[in-house]
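Next up: a single chain in structure tokens, the form predicted alone.
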Amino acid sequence: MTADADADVDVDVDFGADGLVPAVAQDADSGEVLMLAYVSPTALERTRETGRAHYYSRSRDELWEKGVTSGHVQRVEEVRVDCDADALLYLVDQEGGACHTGHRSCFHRTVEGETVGERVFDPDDVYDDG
């Protein structure tokens, strides 16, 4: 069987016992890793339908579209699946910051606590606490 034989067949993603898979969002142009979140089957379906990143919030127990509140949307150029089909990679065009703390990337600090990433917005101006 050649690699092209499966070209038009969707991969059967293994969503595991909890119905979620981790998904890494990566800037499609620069390769910068922006965030890690979880995806349910519905979130993946919505992402594929709309071309905008959808995730599943474990803390809020709900589906969410990245950027609905902040305006910092992720336009998904491609969705890749790892070799075990239990993790996803979203290659995205990120508008604004990916992190709710105001940084471009959620990976904006070292394990020693040094800030190495750029803060691109003030979360107090974007998110309503009430």
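Bear in mind the structure is a predicted one, so any value in this text is a computation, not a measurement. All residue numbers are counted from 1 along the displayed sequence.
Not on display, but discussed next: the form predicted in complex with a further copy of the same chain.
Visitor: Against a further copy of the same chain in the predicted complex, would Glu114 count as a contact residue? Criterion: heavy atoms within 4.5 Å.
Guide: Looking in the predicted complex, residue contacts with a further copy of the same chain include Glu114, since a heavy atom lies within 4.5 Å.
Visitor: Evaluate Ser70 for contact with a further copy of the same chain in the predicted complex, applying a 4.5 angstroms cut-off between non-hydrogen atoms, and reply yes or no.
Guide: Judged by the heavy-atom cut-off of 4.5 Å, Ser70 is well away from a further copy of the same chain in the predicted complex.
Visitor: Find out whether any non-hydrogen atom of Val79 is located within 4.5 angstroms of a further copy of the same chain in the predicted complex, and reply yes or no.
Guide: Output for Val79 is yes: heavy atoms within 4.5 Å of a further copy of the same chain.
Visitor: Looking at the partner-bound form in the predicted complex, is Leu89 within 4.5 Å of a further copy of the same chain by any heavy atom?
Guide: Flag for Leu89 set to yes.
Visitor: Using a 4.5 Å heavy atom cutoff, which residues in 14 to 29 contact a further copy of the same chain in the predicted complex? It's fine if the answer is none.
Guide: In sequence order, Pro22, Val24, Gln26 come within 4.5 Å of the partner.
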